[in-house]
Ligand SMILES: C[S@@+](CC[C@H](N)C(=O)[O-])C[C@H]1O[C@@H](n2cnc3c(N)ncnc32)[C@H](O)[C@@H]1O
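Below, in C-alpha cells: the form predicted on its own, a single chain.
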Amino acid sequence: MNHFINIDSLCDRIRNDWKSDSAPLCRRIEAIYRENGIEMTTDPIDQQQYLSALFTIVKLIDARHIIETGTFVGCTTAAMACAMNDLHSDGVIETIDPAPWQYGGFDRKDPVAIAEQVLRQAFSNRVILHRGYSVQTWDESRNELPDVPRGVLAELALQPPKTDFLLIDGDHSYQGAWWDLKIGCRTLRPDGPRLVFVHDYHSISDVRQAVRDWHRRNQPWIVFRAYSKNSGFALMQCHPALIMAERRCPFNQSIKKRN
C-alpha cells in the first residue's frame, strides 16, 4: 500500500481523470442504480467531477478503510466502492447519516433508504451504513431530523485509528463541518495516506470558513489544496503529529466561529 502521497501529483491526476473518466464512471453508477430498481441521473455540472475525484483518490491510495459523513442517496459511496472493486481489495466504507425522511432543499424523499437499497445489493461486503449523527446536529435548515444516535464519528474515533480517507459531506453548518474535521482526524491511521476531503468548500460559506479556520489552527501539520469551481472541495493531508495530538485531547464540543 502506498503511504506517501504527493498532493500536487494527486490533484493533477484528479484533473486529468475528469476529462477522460468522469462520464464513463457516472454511467457505471447510474447502471448500478437501475439494476437495483432506482432511476438515477448524475449532475454533469458538479456531481460527475466530484464522483470522479473520489474514485481517483481511492484507487491511487488503495484505500482500505474510509469514513464518510453524509450518505444521502449513496452515489459517493458507490463511486468509492467501485474503485475498491476495481482494485480487488478488501476495503470497507463506513458511511454516517441520520436518514431523515427528506432533507431541506431536495425533492427526493427518504434518500438514505435509496442508498441502503442499492448499496446493500451491489456492495454488501464493502459498505457499513450507520444511521445517526456524526457528532450531533447543528444544521437547522434540514427538516424532519429524526431522533437517532449522536456521536457515531466520535465512537469510531475511540477505536484504534485505521482510516485511510475521511470524506466530509454531512452537516453543512460551521459547527458540523468543524467537528467532523476535528473528530474525524482522530480516526486516521498515522502511518497511512491521512487524506481528508471536504465537499461544498466553494458553494457553502460556513463549510469553507470551518475548513479555513481548522487549517489555520493546524497549519504546520496540514498540506492543503482547494478546488473552487462549482461546489468545490478541499483536499488535505494531515501530519501524524496532528492525529496523535488530537487523539490525546478530550472532546469539548464548543467552538465559536471566527468573524
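Being a predicted model, the structure only gives us computed values, none of them experimental. So that there is no doubt, residue numbering starts at 1 and follows the sequence shown.
What comes next is about the form predicted together with the named molecule, which does not appear here.
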Report whether all of 184, 219 and 237 sit within 4.5 Å of the named molecule in the model of the complex, measuring from non-hydrogen atoms.
no
Based on heavy atom distances of at most 4.5 Å to the named molecule in the model of the complex, which listed stretch, 65 to 73, 190 to 198, 222 to 230, 208 to 216, is the contact stretch?
65 to 73
Is residue 174 part of the interface with the named molecule in the model of the complex - any heavy atom within 4.5 Å?
no
Can residue 123 be called a contact residue for the named molecule in the model of the complex at 4.5 Å between heavy atoms?
no
With a cut-off of 4.5 Å between heavy atoms, is residue 55 one of the residues that contacts the named molecule in the model of the complex?
no
Mark residue 169 yes when one of its heavy atoms lies within 4.5 Å of a heavy atom of the named molecule in the model of the complex, and no otherwise.
yes
